[in-house]
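Single chain ahead, written as structure tokens, the form predicted on its own.
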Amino acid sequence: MSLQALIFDVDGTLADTERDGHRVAFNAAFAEHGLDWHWDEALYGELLQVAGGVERLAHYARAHRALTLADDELAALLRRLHASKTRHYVQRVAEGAVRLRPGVARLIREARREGLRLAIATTTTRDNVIALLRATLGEDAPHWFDVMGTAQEVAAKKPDPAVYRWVLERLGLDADAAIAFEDSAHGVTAATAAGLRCLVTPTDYSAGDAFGAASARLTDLDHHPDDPARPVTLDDVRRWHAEMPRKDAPSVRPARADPA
């Protein structure tokens, strides 16, 4: 089946949002609420092993700060922190603090010129996605994507494949007609468990992940794995889609989603 759609993860895939975006926003939220918490780059890399922003906060509060608040009091604090963090993140993105990864804008524009459909599959919040697209691709960029699966639409987080299945259903496409772009092992597992071929572009935080289920591993979209002097083009993506069989990922346990 010919390639008809590109489906992009957001955090780490469209942009390296974690280190200079979400991490800094979390720290700003801590300061705003009078907490002496601080997540440096190394600690944040460890905390990323806990999927979901609220869950990450809860893990840190209990395991690193030994908070003894009652469950309902802790939940209320974490909700306030996460709301503040989202506000700070959106502001940072609007100010240009987060940039798209190499080759992303070029490939998206090439896909649009050639009539391929675009979609988002993420478990971050819709506000985060919209802010990033508008700040990096232009005010109309959110409308370029036919389907946008976010934490508002799907309750289960990656590595559960729910968000990819939801996106494919709304696109009206079989998994054979699309390809996913991811940056982490959890993302690759989610995409391949939904039946998709998947290209992975790791970040510094995910470089040590195991990507056995990915169709191909790339440094980024500006460096072809066989010839780093040339960019990855849509023709390359089509060829990988046509030539590489889908790989079955390990089964995953459903999990509740908390946005980053």
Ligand code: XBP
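Numbering starts at 1 and follows the sequence shown. Remember, it's a predicted structure, so these values are computed and weren't measured experimentally.
This next part talks about the form predicted together with this ligand, which is not shown.
This ligand in the model of the complex comes within 4.5 Å of no heavy atom belonging to Thr189. Contact annotation for Gly52: at least one heavy atom lies within 4.5 Å of this ligand in the model of the complex.
The shortest heavy atom separation between Val237 and this ligand in the model of the complex exceeds 4.5 Å. By the criterion of a heavy atom within 4.5 Å, Arg101 is excluded from the residues contacting this ligand in the model of the complex. The chain is drawn here without this ligand; in the model of the complex, the stretch among 52-60, 202-210, 222-230, 28-36 whose residues come within 4.5 Å of it by any heavy atom is 52-60. Looking at 189-221, no residue comes within 4.5 Å of this ligand in the model of the complex, counting any heavy atom.
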